Each structure stands twice: as structure tokens, then as C-alpha cells.
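Form predicted alone, single chain, as C-alpha cells, below.
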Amino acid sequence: MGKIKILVIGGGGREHTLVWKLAQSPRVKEIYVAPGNAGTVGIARNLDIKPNDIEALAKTASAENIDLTVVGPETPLSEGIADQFLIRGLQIFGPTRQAAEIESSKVFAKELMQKYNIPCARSASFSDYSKAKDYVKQQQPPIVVKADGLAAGKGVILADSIPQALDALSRIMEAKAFGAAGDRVIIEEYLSGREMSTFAFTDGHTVIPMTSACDYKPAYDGNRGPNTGGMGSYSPPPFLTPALAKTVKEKIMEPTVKAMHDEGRAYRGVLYGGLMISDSNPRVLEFNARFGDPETQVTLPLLQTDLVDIMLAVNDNKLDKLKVEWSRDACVGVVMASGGYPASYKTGFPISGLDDLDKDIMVFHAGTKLGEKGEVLTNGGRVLAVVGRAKTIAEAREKVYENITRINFEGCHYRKDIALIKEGS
């Protein structure tokens, strides 16, 4: 295969990072992104197509002779974009609809883990509201209440008391706070420990781990405030020993890929496991069917192998023939958000200072757009991720916070405690 044309689907920080990384490959001729953002302008051709408009995306891929489509967000995967592309003979990186159910249905994922003895929290699932209520009343708080379907990262509620758990249950199942995603729920035991996001490339047989990361969901310092899509992250976790990495691969990621194969749902793409580590024992909180956000912004800068080579090897079932290498450096990313996020916020504010940063600082755009005069404007809740890379997490963190104060837009806020950890802890 000669130089190829790539289409990246999505418009957030994860997708800007994917475009940025793919553009470094000598195998790439041209990159399109649908819809993209102000950050992808200049390194890709932005297309005004929504990520879940599968028909329009497939027609564009055919018309533009796209050689490989890369899916960022979970919604088009859950709606079967990979199936539709494959039917039309179009190459796509991402799992089929049945395989993506490992993310789109928490009930399916939990039943899979229980069937194949993949370590996870004790839980029960319900589609009947009254039965779910009765079960909750018998539990010891804290209790985790999860909507079954996709809820933009907001369908998991930690309740510190029985009344809080019942209120969460009512909001999900009665008030339909997350729509049809709440038709079924999982009531789960609370797990304590260290959270970690782990990732692996897989062609359905071979599993090659990516570097892992830790992200920060609560909006404010000290892990206070409402949950968001992620306010920052760092990679690699200092507590991820070679022994723990081996356990995660052999006890969780490889058995899950094999289980999906045995269930007739061959999984190809990136598998993302949200884990809780307690006493060096990892257990699965959830699986996702794609690259993480904001974790992609701190993991892909550390990838030394050509990402195009990896994706094509996955699609060709030749991942076992490829050696994937990672830098020993560390990355820290801090998200700058709109005032009011994750609740209501205003957009359309100009962003200043993007040209005043140190040369080795990376800025990945999420909620941005270009104005009529070519200026960069805010266009979402999570606006930018400012990323630093260095030999240690502490050095990378220092770089980010030295530079982030140079960027400004009306109402902007960010956490001041991302990656504030002791090395080796």
C-alpha cells in the first residue's frame, strides 16, 4: 500500500490528538476529520459532518477514496458504523456494534466478566424499578448506581447513603435523566483503591498493551464537585509495576478479548479498561470500546511506533508481527474548561495566548472553532488540554502549569492539582 488517505471521526481533544499523531506517519498522504475543531485545521481537512451521521460519513469515505477511517467517539461505534463501513468494503479502525456493546451496555459487560471470571465488583442488574429499590435497601453504603447504556460519562453515581442511592435510582429509572440508557441499571459494590485507565491494541487474538494513565473526573481541586468527562490526566502511573502490568494483561485484557471471541463478538481496535487497584489486585470498573479522553492526550505522545502501522496490523490480523514501543518519558495534561462546566456554560469567547507557549508544550483542542476572522473561539465545555512531556511526572507537571497561565478566555477554569503526586507512590 502506498501513501494513504485517512478519515478521523469526532471533534474533541482525543480526535485532535489522533490527527496529530497520524499526521506524523510517512505513510499518510492526507487526513480528513469530521467534524474536527480549530486545532485540526492546518493538519487535516475539516468536514462538516456529525460523528453519528453514518450514511454521510460512508458516502464521503467512498467519494474521497479514504483508505482508513478511525473512529474516536463511542456513539457511532455503538450504532454500528464499523459494520456499515465493512459491508461497503471500507477499512475502519474500531469494533463492530456487537463488540462495542462491551461499552454501550454495562449489563452485558458485567455478565461477560462474571461468566468468564474476569475480576470485577460484585453487582446485580435490574430492569424493574421496584425490585431495584428493594435490593438497594438491603445494601451497605457507599453504593454505586449505574445506568446500563451510554450517558456521556455521567451515568455512574456514587451514593454515600441509602437515600442517596434511592434518589439516584429514581432519577435514572423514573425521571429518565439519561433517557433509554436508564432502562436497566446495575447496583454495584463500592471499590476503593487507585483508579487506572489501561488500554490495549487488539486484532481479536493478539493483545498489545498501551501505556496506562490516570485521569481526574471531578470538576474541582481535591476531587470535589460534579463528575465531568475528565479534567486532566497523566501517564504512566508511578504505581504500575511490571508485575501489576503483567497481571492486568494476563488476568483482564487477554481473557476479555478471548471471551469476546468465544461469544462470537470478535473485538478489534482499542480496548479500554477502567480499573481499581487494591493491594496490587486489579478489578474492572468498566470497559470502553475506544481511545480514552483525556487519556489519549497523554498516552499517544509517548508512542514511538507508527500508529498507522499498528492500525493496519489490527485490521489485517497481523498484530503479532509488530513490535510496539513506548518512550520512557512521562506526560501530564490539564484541561481548561468553560465557566460553569459541567453544568450550563456559554461559548464563543476568543482564546488568547496560544502563540505564547514554550515550543515543547502541546495543546490539544476539544471545544474550539474558528471565528469569521480566523480567531480561535470556545465551542464546548472542555476547551483545551495543555500537555507537557518530560523525564518525570513532576517535571512534566511543572511545564504545564508554567505555560497554562499564559492562555486565557472568559470564564476559564482548570484544576491546579492534576498529577500532584509523589514519584514512586
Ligand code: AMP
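Residue positions are given as counts along the sequence shown, with the first one as 1. Note that this is a predicted model, so its numbers are computed, not measured.
In what follows, reference is made to the form predicted together with ligand AMP, a form of this protein that is not presented.
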message = Quick check for you: of 132-140, 239-247, 186-194, 167-175, which stretch puts a non-hydrogen atom within 4.5 Å of ligand AMP in the predicted bound form?
response = 186-194
task = Please pick, from L312, L285, L302, A181, the one residue with any non-hydrogen atom lying within 4.5 angstroms of ligand AMP in the predicted bound form.
result = L285
ask   = Among the candidate residues L112, L322, A159, M276, which is the single one with a non-hydrogen atom no more than 4.5 Å from ligand AMP in the predicted bound form?
value = M276
request  = Examine R268 and determine whether its closest non-hydrogen atom to ligand AMP in the predicted bound form is within 4.5 angstroms.
outcome  = no
ask   = Does K217 reach ligand AMP in the predicted bound form, with heavy atoms at most 4.5 Å apart?
value = yes
task = Could you confirm whether A121 comes within 4.5 Å of ligand AMP in the predicted bound form, counting heavy atoms only?
result = yes
query = For V144, is any heavy atom within 4.5 Å of ligand AMP in the predicted bound form, or not?
reply = yes
request  = Between 79-114 and ligand AMP in the predicted bound form, list the residues on our side with a heavy atom within 4.5 Å.
outcome  = K106
